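Here you get one chain, nothing else, as structure tokens; it is the form predicted on its own.
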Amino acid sequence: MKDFELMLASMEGFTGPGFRELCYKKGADSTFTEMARTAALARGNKSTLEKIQIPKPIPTYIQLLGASEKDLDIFLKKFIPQKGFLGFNLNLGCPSPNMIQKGLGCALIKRISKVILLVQTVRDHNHPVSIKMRLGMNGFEKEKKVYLNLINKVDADFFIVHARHGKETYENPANFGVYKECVKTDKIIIANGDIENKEQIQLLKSIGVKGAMIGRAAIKNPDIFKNLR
């Protein structure tokens, strides 16, 4: 990872191989596949397996959504990394009510022991593993700082912190104020949410954040990566 990494976010319906390659050529240091369900990968579901393909050696993390270490283990036993593969990213940020009902996405943020098991399962197969998360499933969890508890107790390579909780929409501004306390955990923190200009990048660098993940702004203008340098 660079001193300050610019990452293309995982976005359903957008971050296929073509768009990942475009953003890489425009200055993104790394990219993420669309989110893939570990349960489907364990079953060998063809369309889900296609989501995690890396046809060209573009630096790519594979983002996984799941809560079963058994499914994860079944999949990883069969997984063969392609050129460009950087590691797995566990999604603890999806706010979809359907996913939350199943105990997935941001419903996992308070389940520290479960997340530790998932991370260890990936490590047991000798792959890098990171986490993308929100500030909690709702405002109550944010106030209780469940996100800090998770960052402190889980041994992931880095943590991408989307500075909203699960009940907030894009109409609610991302809360950049949380990054100072996240950085104080001495873990590698990547910022996510509403990042679109150099002033924000300089602020994040001054706090000690080690990178920024760009999503919607990259869809509007893939040149944003070179513009933020």
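Because the structure is predicted, anything quoted here is derived from the model rather than measured. In case it trips you up, residue 1 is the first one in the sequence shown, and so on.
One more form of this protein should be noted, the form predicted together with a small molecule, which is absent from this view; the next part is about it.
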Exercise for the section: Give a yes or no on whether each residue among Thr60, Leu86 and Ile190 has a heavy atom within 4.5 Å of the small molecule in the predicted complex. Expected result: no
Problem - 4.5 angstroms heavy atom contact with the small molecule in the predicted complex for Val209 - result: no
Handout entry: Partner contact for Phe14 in the predicted complex: the small molecule, 4.5 angstroms, heavy atom
Key = yes
Practice task
Considering only heavy atoms, tell me if Glu168 and the small molecule come within 4.5 Å of each other in the predicted complex.
Solution key: no
Practice task
Report whether the minimum heavy atom distance between Thr121 and the small molecule in the predicted complex is within 4.5 Å.
Solution key: no
Exercise for the section: Name the stretch, out of 27-35, 197-205, 181-189, 41-49, where some heavy atom lies within 4.5 Å of the small molecule in the predicted complex. Expected result: 27-35
